[in-house]
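Here you get one chain, nothing else, as structure tokens; it is the form predicted alone.
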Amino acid sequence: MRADITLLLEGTYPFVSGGVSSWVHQIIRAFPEWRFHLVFLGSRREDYGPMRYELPSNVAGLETHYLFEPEAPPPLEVLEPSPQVMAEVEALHTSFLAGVPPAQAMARMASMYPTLLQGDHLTREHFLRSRAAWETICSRYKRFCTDPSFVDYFWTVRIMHAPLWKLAAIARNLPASRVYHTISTGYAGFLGALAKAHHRRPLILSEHGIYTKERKIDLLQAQWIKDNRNVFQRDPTEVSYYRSLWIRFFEWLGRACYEAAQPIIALYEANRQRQIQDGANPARTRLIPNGVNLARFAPLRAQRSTRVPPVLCLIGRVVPIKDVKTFIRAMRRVVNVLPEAEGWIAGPEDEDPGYAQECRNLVASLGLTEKVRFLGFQKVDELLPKIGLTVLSSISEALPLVILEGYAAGVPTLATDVGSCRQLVEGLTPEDRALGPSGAIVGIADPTALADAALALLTDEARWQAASRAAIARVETYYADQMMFDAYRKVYSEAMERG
């Protein structure tokens, strides 16, 4: 069935809760006059639970795809790709090397889309099973790999490239749509580029964080990426070969999406500049900040106690990028000074159970079992009237909806200096800054600074009230959801007319 807008969603709505998913739900519900089709891309089926959202009635369809499911058994007979196709593959990979102009590489990549999308000239089986592919992998290992393990190189290349054929098949079979809209670069963004090439319809990109940057953080911390060099071969200042290979892979996927998308939307100016730095055409970029439903959250102000509750609440997923451990360590210092204080962690723990357990162990080791509570997923409307501060100790954020929701309910925030948090707390323009600070900003991974800033706000009633007034004024002036909906109505309408 034809859809007006097909949303391309990687690891998020409707199976993962969080800021991006809440935003997607907002957008779908804001435009009941348009029919949405949803494409969810995940890693493996068992990594996700049931849907976390009830799909609005204007969702015409939902398809789910898992890019790293086990492979089917190999065929009895392996067909070889043509020498011409393999030469094109070799030329494409050579164009990714340092020193080659990115525009040249992007042109080569775009020229490969028809081959990939046709589904018979260069198949997944060609890549995984043919002698020609084996010889190409061996040749490039000898020429470029600085790590001694061929086995790791072989499997890294296979795992890295195999999802591209799944994405091509998904793109071929997408239902007709007036517009494709991807909510990140990465695999979803590459799917968007393929969908545009195959169906000749416009592609819109909205980035909440910067996918490539966040992937890079994940990859630099990942334990599953090996560095087989011995201590005499290893320069500790270098990123290992395989980490570098993965990072470059996602950088090129990001460029492919930027090349295909128009417009390219960021939530705030620093991210727009980062998109340009990563290859986006400045003329196609624009800013549309998040917005919240003021009518929903403003009544919560009347439910608040006259006394500021000494409760610090981290609302978010319990995952490393939220740096929940810094929040827990800060709570040890907060409780030392303000014994009645409590720290609440309100968010799902199932995305990274190992990290969640480490956080619980840290709470126990710091003697905070009675003071730091893991609440799991909570209704934010019920939570906000009971807390004194929303806290984000994240090492990476975009424009967090949870800060704006807290503001709308009159709750100041304490956040690390990431993403747009400083803009949200201190203001962007002179008029915005004149409203005053709506909380405080501290450096990342600094529990002492986080604790001291929290104590300064919670123990000074006048200061907290001023921050609360600034929070309400800021969200009402700059971050109402209707402003965001008006901007997206224009984006969709323009794309539909253009397509």
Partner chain sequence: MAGIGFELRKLLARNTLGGVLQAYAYAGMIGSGPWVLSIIGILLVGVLASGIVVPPSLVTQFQTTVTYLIAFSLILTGGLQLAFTRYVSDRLFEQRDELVLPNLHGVLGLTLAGAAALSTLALATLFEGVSFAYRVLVVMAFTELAGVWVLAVLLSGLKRYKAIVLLFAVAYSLVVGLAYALAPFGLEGLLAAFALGQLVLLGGMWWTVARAYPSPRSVSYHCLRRRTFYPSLLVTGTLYNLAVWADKFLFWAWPETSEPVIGPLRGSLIYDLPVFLAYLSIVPGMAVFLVRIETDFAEYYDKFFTAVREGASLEYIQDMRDEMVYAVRQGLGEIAKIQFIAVLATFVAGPSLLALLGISGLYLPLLQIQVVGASLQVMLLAILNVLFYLDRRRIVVALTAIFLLANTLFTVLTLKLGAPFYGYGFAIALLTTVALGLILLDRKLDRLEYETFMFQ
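What you see is a predicted model, and the numbers here were worked out from it, not measured in a lab. Residue numbers count along the first chain shown, from 1.
From this point on, the text means the form predicted together with its partner chain, which you will not see here.
- Contact check for Ser130: a non-hydrogen atom falls within 4.5 Å of its partner chain in the predicted complex.
- Under a 4.5 angstroms non-hydrogen atom cutoff, its partner chain in the predicted complex has Trp134 among its neighbouring residues.
- Within this chain, Phe154 lines the site of its partner chain in the predicted complex, having a heavy atom no more than 4.5 Å away.
- Within 4.5 Å of any heavy atom of its partner chain in the predicted complex lies no heavy atom of Ser244.
- Segments offered: 205-213, 252-260, 423-431, 75-83. Contacting its partner chain in the predicted complex at heavy atom distances within 4.5 Å is 75-83.
- Among the residues Gln378, Asn293, Ser149, Asn281, the one placing a heavy atom within 4.5 Å of its partner chain in the predicted complex is Ser149.
- For the options Ile395, Ala298, Ala162, Cys138, the one in contact with its partner chain in the predicted complex, meaning a heavy atom within 4.5 Å, is Cys138.
- Along 157-172, a non-hydrogen atom within 4.5 Å of its partner chain in the predicted complex is carried only by Arg158.
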